[in-house]
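In structure tokens, the next block holds one chain alone, the form predicted on its own.
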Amino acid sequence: MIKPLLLGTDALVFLLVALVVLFAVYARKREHLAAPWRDVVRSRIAVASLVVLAAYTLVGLMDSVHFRKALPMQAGQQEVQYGGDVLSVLDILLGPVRTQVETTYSAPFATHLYAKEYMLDEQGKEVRGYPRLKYGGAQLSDPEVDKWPDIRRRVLLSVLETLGVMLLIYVLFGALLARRWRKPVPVALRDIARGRCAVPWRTALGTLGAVVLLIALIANMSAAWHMLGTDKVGQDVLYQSIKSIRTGLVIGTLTTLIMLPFAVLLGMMAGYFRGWVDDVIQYLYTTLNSIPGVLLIAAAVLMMQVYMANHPEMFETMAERADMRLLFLCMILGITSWTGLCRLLRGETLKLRELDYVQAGSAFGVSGFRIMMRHLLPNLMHLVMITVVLDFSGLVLAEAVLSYVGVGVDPTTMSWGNMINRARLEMAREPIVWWSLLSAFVFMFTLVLSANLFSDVVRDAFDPRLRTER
């Protein structure tokens, strides 16, 4: 028996997904919005980046469905009690990666601990050595002989599984496109393989194949090996890196959701109405920019910590407490990060308001709000889109920096920032523990790089001047 648990960030994440779906339905029926997106999906870089971003998003959504398991019933117990551990669908899918915990550090694909400890030898004498891991390579009778053959066998199995899955996807997808194009299935499959489609489906399927191969490797390796090693308390680093995806996505998306209405509305109002409205908005964002951002965030987070410490009855589990801090961090980052986009939109609106069609609308008595929504916003959309995606990348990196200085997410929350923060001590020890830092860097780098590449294509597609030139 389980008890569903809806955290604050969970609700906002699914609200954001609903808004994206509604926007997609809305844009599909309007050519001025649908045409740029068609240009986006014709780019190989954009399609490959979109597949990677979709994989990250899927992981984040699975990690946003939380629940608590019921405790075993005791004799005479009437009411069901639930455990304090908050799990997610992703935790269940990861299975062994979450539950197989060692005693301390172990290197990637290691069979023994990374540091020497006192242990008993075959004669019962106490000696210092490298003990065998409880889970990593436990299936091997002779690690020195069997280790690499076992790894090669699992890699080969993962490759074969990936080929089988991708062949099935390729055939089914080809059949679907053949029905849409009204062509024979072999012709559609050949067109996809040779890259003769308007949308680069070959690139999409190739990127998806790489993602499926990674999933297969994790599924086949995680039960027997720690692919990225373990940390100081023996927890799998791969598990921490995957669980940190949700934190990065929440910081990037929810902060943008909070920031966007302020930036767009105030920026257009300042540029269109000018006068005292412009003066007030300029004063507001100039004053906010004058306050050191890190100090403002630190003060707000510390005040929130004091409030939570004085009201422990508000939080039934540690996960709810950590989630409240994460949500508050998103809010304060959103409040402090809207000024740049607002200033940019103000300057562009000052130029657009002088164009003939805007002046004509004003002369015919069209309301200022309708002019902003109907004529100004579509011509500002390319700036909004590129800024939003670039801000997403910056916010993911900002979380790492804030957690590093101790004012980021809760220490119990798995995030790349917390991993980097712990790695600074691990890099100073002898021998160096390097895999935690490298793992956080690779996962964060992949997400930020994909977002940046995708944003470049979106910027080109939504820029009205570039569309006119084409």
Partner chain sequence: MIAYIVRRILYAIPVLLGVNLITFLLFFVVNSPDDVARMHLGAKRVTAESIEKWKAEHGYDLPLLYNSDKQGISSVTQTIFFDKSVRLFVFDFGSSDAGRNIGADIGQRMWPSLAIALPQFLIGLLVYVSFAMLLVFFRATYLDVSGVVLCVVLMSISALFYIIGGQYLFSKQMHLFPISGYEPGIQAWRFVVLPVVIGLISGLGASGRIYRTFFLEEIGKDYVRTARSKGVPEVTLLFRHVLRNAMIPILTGVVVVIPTLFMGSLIMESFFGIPGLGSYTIDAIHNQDFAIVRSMVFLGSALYILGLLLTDISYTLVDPRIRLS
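Just so it is clear, the structure is predicted and the values come from calculations on it, not from any experiment. Each form is matched to the other, and the largest set of C-alpha atoms that superpose within 1.5 Å is called the rigid core. Residue numbers count along the first chain shown, from 1.
The form predicted together with the partner chain is left out here; the points below concern that form.
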{"property": "F369, heavy atom within 4.5 angstroms of the partner chain in the predicted bound form", "result": "no"}
{"property": "Contact of Q305 with the partner chain in the predicted bound form (heavy atom, 4.5 Å)", "result": "yes"}
{"property": "The partner chain contact at L16 in the predicted bound form, heavy atom, 4.5 Å", "result": "no"}
{"property": "Heavy atom of A55 within 4.5 Å of the partner chain in the predicted bound form", "result": "no"}
{"property": "Candidate spot Y114, Q139 and L329, all three touching the partner chain in the predicted bound form (heavy atom, 4.5 Å)", "result": "no"}
{"property": "Of W276, W181, Y283, Y357, the one that lies within 4.5 Å of the partner chain in the predicted bound form (heavy atoms)", "result": "Y283"}
{"property": "In the predicted bound form, the residue from V40, V407, V51, M414 that sits within 4.5 Å of the partner chain by heavy atoms", "result": "V407"}
{"property": "Heavy atom contact within 4.5 Å of the partner chain in the predicted bound form, the stretch among 244-252, 286-294, 225-233, 191-199", "result": "286-294"}
{"property": "Residues within stretch 413-446 having a non-hydrogen atom within 4.5 Å of the partner chain in the predicted bound form", "result": "I420, R424, M427, A428, R429, E430, I432, L437, A440, F441, M444, F445"}
{"property": "Shift of R98 between this form and the one not shown at or above 2 Å (CA, core fit)", "result": "no"}
{"property": "Did P108 shift 2 Å or more between this form and the one not shown, C-alpha, core superposed", "result": "no"}
{"property": "G340 C-alpha moves between this form and the one not shown by 2 Å or more, core aligned", "result": "yes"}
